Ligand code: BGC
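The data below hold one chain only, encoded as structure tokens and taken in the form predicted on its own.
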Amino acid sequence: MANKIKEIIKKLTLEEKVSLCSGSDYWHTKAIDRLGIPSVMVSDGPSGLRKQDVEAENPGVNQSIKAVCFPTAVSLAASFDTEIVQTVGETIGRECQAENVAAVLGPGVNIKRSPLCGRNFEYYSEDPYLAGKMGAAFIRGVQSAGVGTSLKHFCANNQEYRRNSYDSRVDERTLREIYLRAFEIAVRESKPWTVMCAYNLVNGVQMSENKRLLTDILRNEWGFDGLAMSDWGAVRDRVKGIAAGLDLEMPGNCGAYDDLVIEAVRDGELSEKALDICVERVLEFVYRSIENHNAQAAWDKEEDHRIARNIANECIVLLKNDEGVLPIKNDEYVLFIGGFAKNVRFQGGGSSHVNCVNVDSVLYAMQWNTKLRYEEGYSSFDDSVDQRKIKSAIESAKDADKVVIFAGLPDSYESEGYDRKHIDLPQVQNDLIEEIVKVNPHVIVVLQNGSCVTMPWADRVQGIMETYLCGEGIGVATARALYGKVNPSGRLPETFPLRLEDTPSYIDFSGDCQVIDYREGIFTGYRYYTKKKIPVLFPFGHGLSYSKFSYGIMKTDTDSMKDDETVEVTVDVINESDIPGKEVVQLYVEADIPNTGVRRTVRELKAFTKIFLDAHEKKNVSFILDKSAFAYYDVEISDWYVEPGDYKLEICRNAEEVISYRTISVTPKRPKKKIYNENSVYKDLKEDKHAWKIVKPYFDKYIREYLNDQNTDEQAAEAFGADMEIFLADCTIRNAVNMSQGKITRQEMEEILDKLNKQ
């Protein structure tokens, strides 16, 4: 195929080459009939196929075919199960084959920098490792069906406010460890067919023109060999975009930029070779799609609905279960309150919105239960107050054995296109919950929301269940979890703070600024809360079960390792209850290195798995960790580096609760070569024995000649030497030249640096 494509490119005119680098409309690549080049279609679809209905009057507007809605990304991440995420991908891939769709525009692996981002439901996690693993699993699933994916939104795209024009200012270490890491994991592990660049600028450069990110890092460092496309409308300068490695502009714009590109090639501003490379990648994508298309593929919407329902079972997080209020017994008289029980919120708004075939409500799922009563209390569509409905709900709650209140965020509270203003539920919901707990102590709150919310009543209700936006099967899945037909096994993929003001990006998120400074650095999510010891409502990784799990003592196959070796971690997990269930085993790494000059987090997630255990069953779980589990990004050497020292390997229930740990010593195979410059300080030089051997004669000369100038006696000289040590501690090499009054010359400083950096 490669030779065929090269032959086609030779036959293309300059105008045809340029035309191929943008879409023909909102969803299709361009065809060139003269050379038999076909057009293929892409579609939204991270949580379900949102294929444009070609019969619709407005091809760019939300007129999509009937489809199945699976749990959103945040819900899938809550499963902590890459296998079910891959299953979702496989199912959506089969649907794409049946609908002749070449690629799904997803997954989104952007980091939840702030809970305010209106698009957080489309993103997996605040943790880059979890997000990367989930994204990689989704990609594997879709592409196993012969359909492409588009990993998005590359990169540092963490808010909707001014999303087309804001500039994310991120330091290099933070960029690498937090905002690029999930993309890197997904690219290296699953090789997506395409990557979609974001709208925003990163450190002053529009992403659609960012050669360093699109080519130097994405392709040259990570080995990405697919198609780089723009988000819809993200292109500013098409000439710079092609030069940077952006292959395909979407959507089609009737050739608005074609003349500029043609002129740039003819004038020598843009090399035709760069254009040819982009054309080649577009054609590779097109023909790869054609070759993998299965014309016999069929789509069973009923079966896919059942899959969506079963996947939702795995994503529900039990946050609180005091006195075993859950599961509910079949013979208990139960009152359901809240519009969300009848009109469930199961997906987010914007480009991922699926036109559903069949949606399960919780009330629909509970038709069998004659001991169930329902009161609306408040609407799921807005935050309006109806005193009649509220009073009726309160009266009914007095006689119930248990009350389940369905709370959540209406569609208008979170969506693509705008950010949230706060992280509170509508006040009418909070007020009604407070009133209900006054008349009935056995209250369970079930949440439907795309991102974290505050819960001022959390200490006064007995049970809390987080269902997020769990797709069209949410109703049956929720009912199963409430009544114990399914044992909840989800875990939070994000921290739930006590209040918005506690969040790490609170001061620097959005506002009225065109430039957004990521001042919190690497301390996002639980990395921040654990470092600052800030109390939270529920920590990252938290989740309960109807089973009771315990752990044995964790073991490692070594107490020390080089950074080119691996360590195996094993631990026994025991189900001590009579109830079969699934446990999420979380492994974190903590750098236990005193006096380090590197800012480190308390701990970071480095491995996880979900396992099923029958009643009283024991299983052994093992993880293999390599260099990446211990490394940080060192900006001095522009590479990942493992700092020598001790590291705690921690089995945790969540980011704040350590169950068991072992300490191992990790040593770099090759010590880091230190780079010295004019601002290198005396105390650092003295701690490096090789550097000190070089520098000491110069400083001795400085002190000796200074004392001679002062005509100082031996006792005074000794006292002066002690004072000088204190004075010189933070003195730079440059300071020594400036302050020595000629005793250390500029030329000698250059000699020092030359010797230091040659060692």
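Remember, predicted model here, so these are calculated numbers, not experimental data. A residue's number is simply how far along the shown sequence it sits, counting from 1.
Missing here is the form predicted together with the ligand; even so, the following discussion is about that form.
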message: Taking the ligand as it sits in the model of the complex, is R50 in contact with it (heavy atom to heavy atom, 4.5 Å or less)?
response: yes
field: 4.5 Å heavy atom contact, W299 and the ligand in the model of the complex
entry: no
message: How about R181 - does it come within 4.5 Å of the ligand in the model of the complex, if we only consider non-hydrogen atoms?
response: no
- prompt: Using heavy atoms and a 4.5 Å limit, would one call W232 a contact residue for the ligand in the model of the complex?
  reply: yes
- prompt: Only one of 632 to 640, 68 to 76, 151 to 159, 255 to 263 gets a heavy atom within 4.5 Å of the ligand in the model of the complex; which is it?
  reply: 151 to 159
message: Under a 4.5 angstroms heavy atom criterion, identify the one residue in K112, K133, R119, R491 near the ligand in the model of the complex.
response: R119
Position in contact with the ligand when the complex is considered in the model of the complex, options V362, V404, L649, M196, heavy atoms within 4.5 Å: M196
message: Heavy atom within 4.5 Å of the ligand in the model of the complex: which residues of 78 to 111 meet that condition, in order?
response: L105
